[in-house]
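Before any questions on how it binds or moves, here is one chain, the form predicted alone, in C-alpha cells.
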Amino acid sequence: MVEKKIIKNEPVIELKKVSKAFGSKHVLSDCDLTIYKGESVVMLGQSGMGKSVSLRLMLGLMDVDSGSIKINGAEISNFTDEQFYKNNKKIGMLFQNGALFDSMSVWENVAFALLNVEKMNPEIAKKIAIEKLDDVGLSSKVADMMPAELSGGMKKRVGLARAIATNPEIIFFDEPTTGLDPIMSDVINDLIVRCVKQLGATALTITHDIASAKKIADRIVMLYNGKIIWDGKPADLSHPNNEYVERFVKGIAS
C-alpha cells in the first residue's frame, strides 16, 4: 500500500455546541471539536464521560439534542437515508471487542462491506480481504479460519483489516487495545498508525489508554463533564497545565 499525501487544515469532522442527555443525565453539554483532514485525533476520558456517545452521534446512530455535527462540511442532521448510506461508505470502524461475526470466516468478516454493500464478486472480495489481512500482518492461511480459532490480538487485527477494507476516508477506533497485553497493544498501535498514514485517512480514536494515545495521536483532546477541556500534542501531556488532565495521566484518584 502506497502512503497517500494529504493537505491538512481542511475540516472533516466538526462538532459545534453539541449537547446530548439521557433523562436527567447530561452526557455532552455545548461540546466543540474540529478534526482536520489527515489528522489522527485521540479523545481521552474516564468511562461514562460520553466518549462512545460522541462516536455514535458522529456516525449518525443517535440524534443530538442541540448543536451541529458536520462531516466534510455537510450537516448530518439534514441527511436523507441515501446521504447517510453514501457518507457511511466513506467510514471505517474498529469496534472495541472486534465484533466479528462468529458464523463467517475471517475473509468474509473482512470483506463484509465489499460483499453486502458494494455487492462485489466474492472471488475479488476475497482477494482484497487477503491483501488487507497482509496489511495488518496476518497470512493468507488465516483467511479461511473462523473467529473462534483466533486469539484476542488476531481478532483485533482482523477487525482492523475490516475497518480499512473499503479504503475509507474516515476511520473510528473504539478502545482498540482493550483486553490486550502491553506488547500486543503496542503492535496494534503501530498497525493503526501505519494504516491511517497509508490511506491518508482522518482518524478519531476513543480510549483511556495513555500509552496508546501518545503513540497514535497527532493531537489529543480530553472529554470531561460533557466538554472538551484540553486540546494539545502528545508531548504536552507531560505538562498539561490542567489539574484534571494531570490526575488522569498520572492515575491519581481524587
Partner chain sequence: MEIIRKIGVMGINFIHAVWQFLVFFMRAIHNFFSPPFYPKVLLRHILEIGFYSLPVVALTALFSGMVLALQSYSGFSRFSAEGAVATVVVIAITRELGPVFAGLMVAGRIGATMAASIGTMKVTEQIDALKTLSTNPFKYIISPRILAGILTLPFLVLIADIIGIFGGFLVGVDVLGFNPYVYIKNTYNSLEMMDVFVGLVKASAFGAIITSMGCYYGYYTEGGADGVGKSTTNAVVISSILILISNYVLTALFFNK
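Predicted, not measured: the structure shown is a model, and the values here were computed from it. Residue numbers count along the first chain shown, from 1.
There is another form of this protein, the form predicted together with its partner chain, and it is not shown here; the text below is about that form.
With its partner chain left out of view, the stretch that reaches within 4.5 Å of it through heavy atoms in the predicted bound form is, among 67-75, 132-140, 150-158, 81-89, 81-89. With a 4.5 Å cutoff on heavy atoms, A211 does not count as touching its partner chain in the predicted bound form; it lies far away. Contact between R56 and its partner chain in the predicted bound form is found at the 4.5 Å heavy atom cutoff. Within this chain, M93 lines the site of its partner chain in the predicted bound form, having a heavy atom no more than 4.5 Å away.
None of the heavy atoms of I124 is located within 4.5 Å of its partner chain in the predicted bound form. Taking a 4.5 Å heavy atom cutoff to its partner chain in the predicted bound form, the contact residue among M184, A113, M145, I128 is A113. Contact annotation for the candidate site: K16, I35 and K51 all lie away from its partner chain in the predicted bound form (no heavy atom within 4.5 Å). Contact residues in stretch 145-172 (any heavy atom within 4.5 Å of its partner chain, taken in the predicted bound form) are limited to R162.
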